[in-house]
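First comes one chain, alone, set out as structure tokens in the form predicted on its own.
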């Protein structure tokens, strides 16, 4: 799952660093991801994992790290 998330971050996150070099807990916003880019990441994640983020998960903390994104997707799928 994390490889797919890293690819999406690379393609849509507009990060200042290579997504493959990030630790799971690295703050993506501090790594250059903007709010606009996070929307694009969210849409790409929904398409890749065939999920829909519920309203209560549409907040900065859900998309702030690879670990938090992984946790959110696991919660949605279960």
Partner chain sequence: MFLRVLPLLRARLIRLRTDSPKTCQPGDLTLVLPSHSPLVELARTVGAGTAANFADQVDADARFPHEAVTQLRAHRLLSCYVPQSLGGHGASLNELAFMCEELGKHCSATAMVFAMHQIQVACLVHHCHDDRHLKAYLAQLTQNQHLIGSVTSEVGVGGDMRSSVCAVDVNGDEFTLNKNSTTSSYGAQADDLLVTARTSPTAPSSDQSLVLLAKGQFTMEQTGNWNPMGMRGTGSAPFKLTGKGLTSQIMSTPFATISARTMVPVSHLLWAATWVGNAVASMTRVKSFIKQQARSNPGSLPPTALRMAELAPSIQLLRTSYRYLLTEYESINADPTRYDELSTIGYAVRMNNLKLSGSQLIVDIANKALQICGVAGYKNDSKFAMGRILRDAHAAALMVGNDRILNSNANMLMILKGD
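Positions refer to the first chain, counted from 1. None of the values given here were measured: they were computed from a predicted structure.
In what follows, reference is made to the form predicted in complex with the partner chain, a form of this protein that is not presented.
Using a 4.5 Å cutoff between non-hydrogen atoms, residue 52 counts as a contact of the partner chain in the predicted complex. At a distance threshold of 4.5 angstroms between non-hydrogen atoms, residue 23 is out of contact with the partner chain in the predicted complex.
Mapping the unseen interface onto this chain, residue 46 counts among the residues with a heavy atom inside 4.5 Å of the partner chain in the predicted complex.
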